[in-house]
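In the block that follows, a single chain appears as C-alpha cells, in the form predicted alone.
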C-alpha cells in the first residue's frame, strides 16, 4: 500500500469520527472544535487530490475566521443543556432514519458505479511546476467567466436584500451630494475682511514703574 493511500485512510477515518462527534457531543464548544478538526482533515484530503487552493482556502477562511467567530459566539451564549438533552432520546429513531436516507442518497450518487475507475480514467500526475491556482484562475476567467460574474452579482443582491430587510434605523438620513460640493463658490462661503495692522504696546519695565 502506498503512502498516499495510508494518509487517505487515516485522515478519512479521523474525518468520519470527528464529524460524528460534532453531531453527538453535548458540549457546544467541543462540537465546534471537532468541526475545526473536520475542516483540517478535509483540507488534507484535498491536498491529496492536488487541490491546493481549495485546501488553503478552507483552512484560512473557515478554520481561521468563521470557526473562530463561531467559537466565540458559542462560548458567550448561555446554552441550556438540560433543554437540549430532553428531546434527544425521543427524536433519536427519526434522526437515525433521516441519517440513513441521506447516507443512502449520497452513496448512490458518489459510489464507484458513477465515479469509479470504470467510469473515469485515473488522472495523470502533474509535474512539480504545476500551479493549481493558475489553472483555476484560467478556467474561471475564460471558460466560466460569465457564470462566475453572475454568481458574484447574485451574492451581491442577496447581501443588499439582507441588509435592507434587517435594517431598523431611520430611513431619513443625511447623505453627501458631490454635485453640490463641486458647485460651491468661495464668495458664498468665505468672507475676507481687511484690517489694519495693530502694534502691541510694550509694557514699561518694572524698575521704572517702581521709581514713579
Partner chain sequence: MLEAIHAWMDSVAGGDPFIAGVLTVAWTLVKILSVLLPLVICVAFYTLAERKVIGFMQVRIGPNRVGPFGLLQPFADVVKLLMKEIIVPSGANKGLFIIAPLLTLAPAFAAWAVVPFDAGVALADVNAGLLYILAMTSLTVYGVIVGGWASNSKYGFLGALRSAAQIVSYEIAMGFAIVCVLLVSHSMNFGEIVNAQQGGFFSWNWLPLLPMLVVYFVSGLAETNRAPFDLPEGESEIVAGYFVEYAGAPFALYFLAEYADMILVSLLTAVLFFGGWLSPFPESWGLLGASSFVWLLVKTAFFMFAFLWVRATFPRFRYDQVMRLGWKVFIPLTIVWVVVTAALVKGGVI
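Under this definition, the rigid core comprises the largest set of C-alpha atoms superposing within 1.5 Å between the forms. Since we're looking at a predicted model, the values are computed, not measured. Positions refer to the first chain, counted from 1.
The following text describes the form predicted in complex with its partner chain, which does not appear among the structures shown.
**Item:** Candidate stretches 55-63, 159-167, 143-151, 183-191, one within 4.5 Å of its partner chain in the model of the complex by heavy atom
**Value:** Heavy-atom contact with the partner occurs in 55-63.
**Prompt:** Can we say 36, 68 and 133 each have a non-hydrogen atom within 4.5 Å of its partner chain in the model of the complex?
**Reply:** Every residue of the candidate spot has a heavy atom within 4.5 Å of its partner chain in the model of the complex.
**Message:** Just to be sure I understand the contacts: of 138, 96, 75, 104, which is the one whose heavy atoms reach within 4.5 angstroms of its partner chain in the model of the complex?
**Reply:** So the residue touching its partner chain in the model of the complex, by this definition, is 75.
**Message:** Taking its partner chain as it sits in the model of the complex, is residue 26 near enough to touch it, meaning that at least one heavy atom pair lies within 4.5 angstroms?
**Reply:** Residue 26 lies outside the contact set for its partner chain.
**Message:** Following rigid core alignment, is the displacement of the residue 29 C-alpha between the shown form and the other one equal to or greater than 2 angstroms?
**Reply:** No, the C-alpha position differs by under 2 Å between the shown form and the other one.
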